[in-house]
Structures are given as structure tokens and as C-alpha cells.
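The data below hold one chain only, encoded as C-alpha cells and taken in the form predicted on its own.
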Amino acid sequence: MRAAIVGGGIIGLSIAAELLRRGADVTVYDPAPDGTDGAWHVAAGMLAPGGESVFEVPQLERLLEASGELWPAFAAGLGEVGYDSAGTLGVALTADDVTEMAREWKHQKLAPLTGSQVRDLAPALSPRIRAGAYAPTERQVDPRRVVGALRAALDGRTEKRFVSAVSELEAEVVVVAAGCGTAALTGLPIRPVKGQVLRLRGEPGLLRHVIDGAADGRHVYLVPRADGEVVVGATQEERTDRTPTAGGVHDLLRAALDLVPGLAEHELAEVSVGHRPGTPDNAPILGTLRDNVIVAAGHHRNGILLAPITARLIADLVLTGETDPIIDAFTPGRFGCA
């Protein structure tokens, strides 16, 4: 089986690696195969199906949970990619924030904690925090390391090439996994959703858990790495520009420092902007578009979490023409394309 994968982000690379593992002849086409232009490069890497599913339809909730279960083995197969199982602390600063976050905690069936209880788990948290909850099964990974490992696994199978039409490619099956660029190649309704993300650097050990918090109505997540980096994100803007803004940086920093005052001593090491590939229903598009063309795109803010199950489902479809029925709710046909 000769398979062409259009797109060298975490979704395209994961599919290519799975196909290669199963014996397919794979080529990945990407205009910047060593670049950092994809949504993966600005993603924090939270693997939190419970937290994300609060906002989604039941079908997507099941897909998120199923992919979360695949991540331990997926990460182990890639090597050292920053996979961490310390869990997530949800926190709320004000009474209004408690009301907002409590809905999420109830959905996840998490026991609420008092401010003092949550600070026992994370002493760096502000004494102003009123309440929290601990999600012990949530994980994190470093997407930049994941992509590096996938690129290494596919060494020699990536071609630097901009694909303007799938008909250009000579392959038995073409998988379009080009993120926001999928729209131009397929006509599917995938739009860019701008996100600004900060990276702070300081001495390791300030935080052990991922922090998912609300501070005066501002939602922010803080993802600590073992080397002292803390990823702070993320804005969500219906814009197509790549410009970091003072307002976006201010909102993220203010919320982060309100929750963890000690971050004020960290270096502001990076301000980055990326675009999540969004769809009208915020769910991915997975399945056959026409003839020998398969689509795997539109993962919005769940691309990292959904990489393992997307790879498995699409590889099944490429190699056998069939796959798990869990994919049925995400086919291109729901947008009038088949």
C-alpha cells in the first residue's frame, strides 16, 4: 500500500508512523518539514479528556476518553517526550470563578477542595484561591518532543513540498492532514482560530501539577515542565493574523500571577502565536472524502490528545477500508461532503 500524507503536524506524522509500523509505504508531504508553523508548536500538551469534554457533544467526549486511554502506550513507543502523570489541579480565585469552575468539576465527578486543601497540594498557589479540585488521571506531554520523535521515526520518508491539489500525488491513498490548510485542498469548513501562548522559565519545582484555573473571569492553564519551563495559555480568538498582542499577553500574565504569584520571578522566554484548525461543531473531520482521499483534520484544541486514536482509526481505514464505528460521528458527510 502506497500512502501519501499531506501535512507534517502531529496528526499527519502520527498517522504516517502508524501506517509505517503496519507495513505501508508512506511519504509525508510538507512545505516545511523541519519547521515550527503547526498548531502543535504552540500547544501546551494537556491530556485532559474530562476537562475538555465539558464543552463538547457526547460523541466527542467518547473519542477524547478513548484516545486518552491510548496515550500511555503511545508515549512509551516514542521515548522521552515529557509524558507526566502528576494530574491537574483546577482552581478558582473568586466566588464567581468558583461558580464557573464548579460546573466543570461536577461534570468530571471531582470532589471539591477548599482553598487550604488545594494549597496543601501546591503551596505556590495564591492564598486568595477559594476552592479547587484534583483530577489525578489527567496527564501532560511535550508536543514539541512528540513531533521530534515522530520526525525521527519517519526519517527519509518526508518530502519538502507544497501540495496545491491532491491530484498531484501518485499514491493509492491520500490522507489530507494539513490542519488549517485542509480547507483549500478539500473545500471542508475548517477555519483558523488564533491562540497566544507564553513560555516562562525559572527554577524547577515551583509547580508539580498542571493548573487549570479561573482568575477574575479569565481562564488560564499553567503547564510545568521538569526543566523549569511553565507554559501559560491560551487565548482563543477568531482571527487569522499571527501577531502577538499586548492585550493577549497581559490577560494571560495577569491570570497566571494572580494564581501563582511566584511566577513573577520567571523569565518571559517566549510569546508564540498559532492557529487551531476549527470546525463548525468543534469536532474533527475523520473519514473518506471521495475515492482514494481520506481526511484527518479540524481537531481544534484537541489535536495532541486525539493524535493516537486518529492514527489508529485512519490507518485502519487506509489499510482495510473499515474502522471502528466511533468514527461515524466525525465523517466529512456531516457537512454535506462525501
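Remember, it's a predicted structure, so these values are computed and weren't measured experimentally. Numbering starts at 1 and runs along the sequence shown.
Below, we turn to the form predicted together with another copy of the chain, even though it does not appear here.
Exercise. Hey, of 258-266, 221-229, 112-120, 75-83, which bit sits against another copy of the chain in the model of the complex at 4.5 Å between non-hydrogen atoms?
Worked result: Careful reading of the contacts points to 258-266.
Problem set entry | in the model of the complex, the residue from R130, H107, R254, K160 that sits within 4.5 Å of another copy of the chain by heavy atoms | Looking at the other structure, the residue within range turns out to be R254.
For this session: Only one of A184, A153, V249, A171 comes within 4.5 Å of another copy of the chain in the model of the complex by heavy atoms, so just point that one out.
Result: Of the listed residues, the single hit is V249.
For this session: Check whether S167 has any heavy atom within 4.5 Å of a heavy atom of another copy of the chain in the model of the complex, and answer yes or no.
Result: Flag for S167 set to no.
Exercise. Would P244 sit within 4.5 Å of another copy of the chain in the model of the complex, counting heavy atoms only?
Worked result: Although another copy of the chain is absent here, P244 would touch it in the model of the complex, with heavy atoms inside 4.5 Å.
Problem set entry | is_contact(A215, another copy of the chain) in the model of the complex, heavy atom dist at most 4.5 Å | Although another copy of the chain is absent here, A215 would stay clear of it in the model of the complex, with no heavy atoms inside 4.5 Å.
Problem set entry | L200 within 4.5 Å of another copy of the chain in the model of the complex, heavy atoms | Yes, L200 lies within 4.5 Å of another copy of the chain in the model of the complex.
For this session: Could you list the residues in 218-242 that come within 4.5 Å of another copy of the chain in the model of the complex, counting only heavy atoms and keeping sequence order?
Result: The one in contact is R239.
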